[in-house]
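This document opens with one chain alone, in structure tokens, the form predicted on its own.
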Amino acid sequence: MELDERKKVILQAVIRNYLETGEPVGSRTISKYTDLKLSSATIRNEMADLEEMGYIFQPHTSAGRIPSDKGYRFYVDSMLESKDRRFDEMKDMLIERQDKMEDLLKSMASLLAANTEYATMISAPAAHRNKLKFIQLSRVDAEQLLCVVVAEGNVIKNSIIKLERELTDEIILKLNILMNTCMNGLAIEEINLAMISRMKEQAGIHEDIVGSVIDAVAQAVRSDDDPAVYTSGATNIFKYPELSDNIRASQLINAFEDKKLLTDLIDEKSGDDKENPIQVYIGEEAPLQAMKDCSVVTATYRLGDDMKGTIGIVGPKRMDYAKVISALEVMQQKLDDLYNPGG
């Protein structure tokens, strides 16, 4: 006998209900739990078939049903298959989005350099307060679990958790449900000691796994990687006599080639005020020593609430500030329109 879609839905409902309550599940409960709109008698017949097939069983006469090992195996495999599909879709989307974003930002940097005749840079968007999307624990072998953490911005981090004791599929499933229920949608700052204590209490003898998962989550939502920075128009510097002598020009060109310096500039000086996202630094106010004879104008662009990047223009102190600020505002708006339609 094959498991048709109706039997699958009923089996999943039995398992989810049993995981939540710990009590045997009856046909009346399932009729309320699903959207199948079946009578209790029909559900009883389907549950009888599932019992005959070995997916559920009756712990004692007149009781409801609970999942068998075979039932748990079906549920876990179905869940992992669904997660795998989601991972594949997310990875494809991430690769496509990254490629498009990289091309777009390179084009914008070139366009800004051509229009303003100054040197320009644009950083790729990075998460500044990343939130957890979901966690997946799955067995590697008797001594190891694979912990996959997915955070906003499609950040995916994998880590291996060493086990002191082998876990059953049911325990792994309960740990997945526990930690996803408690932490999904939270930033690392919102996962406090009281919450961790509650999760450890509910995990019982497996509290050490909760600690390992918290560490993995912290790694995933922390923005340790430097954002990519795209530059253009560095040679425009030679158009301005006050910047074109060998020493000054060489320092500026080297600064534009040093992505670490540009990343530090972005981290320290990009405008973070939503009400005033454009910042102007003149002469000694400039963020880098090599730019002390220049003016630097930076603008923050946002993709949603949690992803942001920086656009910067570097030129002489006599730069056309009105033109530069106007150009930056246009770029901000274009990025907003492209990645936040209807927002």
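Computed from a prediction, not measured in an experiment: that's the story for all the values here. Residue indices: 1-based, along the sequence shown.
What follows is about the form predicted in complex with a further copy of the same chain, which we do not show.
Looking at 232-240, 194-202, 67-75, 163-171, which stretch has residues with any non-hydrogen atom within 4.5 Å of a further copy of the same chain in the predicted bound form? That would be stretch 232-240.
Report the residue, out of V148, L111, I177, A218, that has at least one non-hydrogen atom within 4.5 angstroms of a further copy of the same chain in the predicted bound form. Contact check passes for V148.
Can you work out which of I156, L104, A124, C182 has a heavy atom no more than 4.5 Å from a further copy of the same chain in the predicted bound form? The residue from I156, L104, A124, C182 that makes the contact is I156.
Does a further copy of the same chain get within 4.5 angstroms of any non-hydrogen atom of T116 in the predicted bound form? Output for T116 is no: heavy atoms all beyond 4.5 Å of a further copy of the same chain.
Does S244 reach a further copy of the same chain in the predicted bound form if we count a contact as any heavy atom within 4.5 Å? Because a heavy atom of S244 falls inside 4.5 Å of a further copy of the same chain in the predicted bound form, the answer is yes.
Is K131 close enough to touch a further copy of the same chain in the predicted bound form, meaning at least one heavy atom pair within 4.5 Å? Residue-level check for K131: no, no contact with a further copy of the same chain.
Can you tell me whether A187 touches a further copy of the same chain? I mean in the predicted bound form, with a 4.5 angstroms heavy atom cut-off. No, A187 stays farther than 4.5 Å from a further copy of the same chain in the predicted bound form.
For a quick test of understanding: in the predicted bound form, does each of N17, Q333 and D336 have a heavy atom within 4.5 Å of a further copy of the same chain? No, none of N17, Q333 and D336 comes within 4.5 Å of a further copy of the same chain in the predicted bound form.
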